[in-house]
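Given next, in C-alpha cells, is a single chain: the form predicted alone.
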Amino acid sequence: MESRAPRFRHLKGSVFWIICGIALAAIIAPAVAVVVSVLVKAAPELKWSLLTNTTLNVQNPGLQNAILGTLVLSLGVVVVAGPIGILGGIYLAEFAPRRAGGFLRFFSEVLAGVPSIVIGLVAYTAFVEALHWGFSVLSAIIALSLLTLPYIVKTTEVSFSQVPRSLHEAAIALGLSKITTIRKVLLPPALPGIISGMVIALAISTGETAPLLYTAGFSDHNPTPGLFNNPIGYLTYVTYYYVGQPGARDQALASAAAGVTILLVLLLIFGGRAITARQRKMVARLDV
C-alpha cells in the first residue's frame, strides 16, 4: 500500500498537468490561428502605398487616413481614460470606505459588461444628437474611454492591493503623508500592473468598431484639428466596410486593414511588456 501511494500521487500530478496543457492549448491555438491567418492573408497587400495613400485614392487606395485616425483615437483614450481610470483605481484601493468601494466596484463591473454597441448608441444619443457634436473625434474618444475605463480601474486597484503591506507600514512609521506614500512608495511597484491595464485598454479600443460607427463616422481624409463635427477614419471600419464589397481591390484593402490592426495590437502588447519588464527591474534594484 505504501508503494502504491506515491505512484498514485504521481499519476494524479501527471493527469493534472496534462489537463493544464490541454487548457493552455485551447487558449493559445485559436489566438495563434486568428493572428496567423489574418497576417498570411494580409501579407501580399502590405505595401508602402498603404502608408502614403488614403482610402480616397481610387487607383491605389491606402490606409494612411485610417492608421492616423486610429492613433489619434488611441492617444485620446490615453489622455481621457488613463488619468480617470488610474485615479479611480487608486481611490478604490487606498481611500474608498468599504460600502462606497463596493458600490463603485459594482457599477464598474456593470459598465465592463455593457455591450460596446450599446455604449455607442448611448454616446450617439447624448453627444452626436443631443449636444449636436455630430460625428466627431471627441464623441468617439469618450465612447472608447467609457468602454475601456473599467479595465484600467480594475488593474490599477489590483496592482495597488498587491503591494506588500510592509511598505505601507514603513511609510507610516516614517511619517509620510498619504499622497507622498502613494506617489513615492506604492506607485513604483504597482506601475507594471497599471501599464498592463493601459495596454489592455488600448488593445480593446484599437479593435473596436461598433461604438465608432455611431460616434466617429468615417472620413477618407487624414485627421484634421477639431473635436466637434469632424469625422475621422479608423482601421476597423475599413475592414468592416470593404470586406462586404465585391471588388478584388476592396477585399485586398480589407485584408490589409485587418493585418495592420493586428500588427498595431501586437506592437502595443510587446511594447507594454517591455516597459513593464524594465519597470520591474528598476523596482528590484531599488529593493536591493
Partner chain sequence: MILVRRRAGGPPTGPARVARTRSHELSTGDRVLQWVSGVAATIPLAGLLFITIILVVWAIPAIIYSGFTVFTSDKFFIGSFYNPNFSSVNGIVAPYGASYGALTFIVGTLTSSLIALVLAVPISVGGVLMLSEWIPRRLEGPLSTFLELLAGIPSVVFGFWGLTVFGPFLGAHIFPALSHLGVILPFFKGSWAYNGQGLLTASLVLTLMIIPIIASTTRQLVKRVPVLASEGAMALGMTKYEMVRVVTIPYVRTGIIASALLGWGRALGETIAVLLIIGMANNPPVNIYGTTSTLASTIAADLDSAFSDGTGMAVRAMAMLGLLLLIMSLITNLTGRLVVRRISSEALPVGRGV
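We call the rigid core whatever largest set of C-alpha positions still superposes within 1.5 Å between the two forms. Positions refer to the first chain, counted from 1. All values derive from a computational prediction rather than experimental measurement.
What comes next is about the form predicted in complex with the partner chain, which does not appear here.
Participant: Of these, Val185, Val79, Ala96, Leu71, which has a heavy atom no more than 4.5 Å from the partner chain in the model of the complex?
Facilitator: The residue from Val185, Val79, Ala96, Leu71 that makes the contact is Ala96.
Participant: Is there a heavy atom of Leu63 no more than 4.5 Å from a heavy atom of the partner chain in the model of the complex?
Facilitator: Contact with the partner chain, no.
Participant: Answer with yes or no whether Val110 is in contact with the partner chain in the model of the complex, where contact means some heavy atom within 4.5 Å.
Facilitator: Looking in the model of the complex, residue contacts with the partner chain include Val110, since a heavy atom lies within 4.5 Å.
Participant: Check whether Leu75 has any heavy atom within 4.5 Å of a heavy atom of the partner chain in the model of the complex, and answer yes or no.
Facilitator: Residue-level check for Leu75: no, no contact with the partner chain.
Participant: Just to confirm, Leu174 within 4.5 Å of the partner chain in the model of the complex by heavy atoms?
Facilitator: Leu174: no, not in contact with the partner chain in the model of the complex.
Participant: Could you list which residues of 33-48 come within 4.5 Å of the partner chain in the model of the complex, counting heavy atoms only?
Facilitator: Going through 33-48 in order - heavy atoms within 4.5 Å of the partner chain in the model of the complex - the hits are Ala33, Val34, Val35, Ser37, Val38, Lys41.
Participant: Once both forms sit on the same rigid core, is the C-alpha displacement of Pro30 at or above 2 Å between the shown form and the other one?
Facilitator: Comparing the forms between the shown form and the other one, which are aligned on their rigid core, Pro30 does shift its C-alpha by 2 Å or more.
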